[in-house]
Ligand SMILES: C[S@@+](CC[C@H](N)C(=O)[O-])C[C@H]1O[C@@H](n2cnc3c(N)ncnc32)[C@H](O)[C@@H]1O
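As a starting point, one isolated chain is supplied in structure tokens, in the form predicted on its own.
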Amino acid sequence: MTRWQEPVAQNSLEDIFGTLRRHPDVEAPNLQAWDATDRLLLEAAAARLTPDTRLAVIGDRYGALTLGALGTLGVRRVRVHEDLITGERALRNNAAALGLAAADPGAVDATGFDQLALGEELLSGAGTVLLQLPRTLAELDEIADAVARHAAPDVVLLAGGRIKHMSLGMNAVLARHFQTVQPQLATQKSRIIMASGARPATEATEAPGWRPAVEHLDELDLDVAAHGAVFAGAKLDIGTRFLLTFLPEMPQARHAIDLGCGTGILAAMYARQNPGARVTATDRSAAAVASAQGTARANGLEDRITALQDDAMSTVPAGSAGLVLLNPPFHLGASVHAGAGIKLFEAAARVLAPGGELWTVFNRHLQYLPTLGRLVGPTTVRGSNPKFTVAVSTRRP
């Protein structure tokens, strides 16, 4: 949990948005740290907020909502949850750029923001919740359940998103947890859904803590745990399925890493195949790390697999791994961008010991082979099918 003080001077929303950066996330001219939905949510919240409002913010990708509420709407304290560690760090970086300083962690009444996990501490007593709508209904269901369960009985949830990414299913999910769900008029290709009248949790939904769903994958004979925010849920992604066909060919490493682990399927299958290996499952998503922990636990592998939330293995020592397994994303949010994969290739090159191997699966249309050869070392294609390529890169001495 991190607490920060208020800005040293009042800022306009334009000042705040103009200062925001995505760093340490990938940055590029076509990638922005805020969007029209952030502006729309702040404008909609303005009439509801006072300095003493108990405000919670969820899905604040780079700090636009949190810093906008503190810097322009007069709110003294914001509790914020962002699933990605890159988003958490970007918020702190942007706060510092706007003149905020770290407060005394012991000062309970300090002005500023607290970064918290999704759950009771984040939402307790909250009268207003601002939400950047997630991409999946499963994640929205987890968030809406947490808000209805832990926030004030009269809480108002303002959930906003880009229209092209919204669906009627979102209204239905919110209606399971709130008595009133009111879509608002669209502005600049964004829309807000206002939900109020939290429905009390029923016995069927009473589940202490934040627990993933667990499903059994018959084809792998593996129990997979998945929170709503995790890519592919509890299902087996087709790229991961293809990479697993090469499992018998992979070297036996003392320390193997499942980079961008998601639900931890690769980590679990490698640990099962190689009983002497120590395996790290790492992802920038808190939901993914919790899912990977759940998968390890469900299959009796919790003593062999360590789950770590990190940004591209930034805290993993250089040269400490003999094997890295990677199914890299080729999207950054809603944008198709190669930068996410390249960042992970660079991280693998740093963490691999000389002679260690990076096994990567990626869509055939992506021109990753020259980049892998340049960043990691000699790279060969180990297999391909109509959709995917599996490549092996050996770390240079």
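From 1 onward, residues are counted along the sequence shown. Bear in mind the structure is a predicted one, so any value in this text is a computation, not a measurement.
Missing here is the form predicted together with the named molecule; even so, the following discussion is about that form.
Could you tell me which of 254 to 262, 139 to 147, 112 to 120, 159 to 167 sits within 4.5 Å of the named molecule in the predicted complex, going by non-hydrogen atoms? In short, 254 to 262.
At 4.5 Å by heavy atoms, is each residue in Leu266, Ala312 and Pro329 next to the named molecule in the predicted complex? Yes.
Can you tell me if Ser285 lies within 4.5 angstroms of the named molecule in the predicted complex, counting non-hydrogen atoms only? Because a heavy atom of Ser285 falls inside 4.5 Å of the named molecule in the predicted complex, the answer is yes.
Check Phe231 for me: does it contact the named molecule in the predicted complex (non-hydrogen atoms, 4.5 angstroms)? Phe231: yes, in contact with the named molecule in the predicted complex.
Using a 4.5 angstroms cut-off on non-hydrogen atoms, would Leu55 count as touching the named molecule in the predicted complex? The answer is no: Leu55 has no heavy atom within 4.5 Å of the named molecule.
Contact flag, Thr240 vs the named molecule in the predicted complex, heavy atom cut 4.5 Å: Yes - in the predicted complex, heavy atoms of Thr240 and the named molecule come within 4.5 Å of each other.
Pick from Leu41, Leu344, Leu352, Ala64: which residue has any heavy atom within 4.5 angstroms of the named molecule in the predicted complex? It is Leu344.
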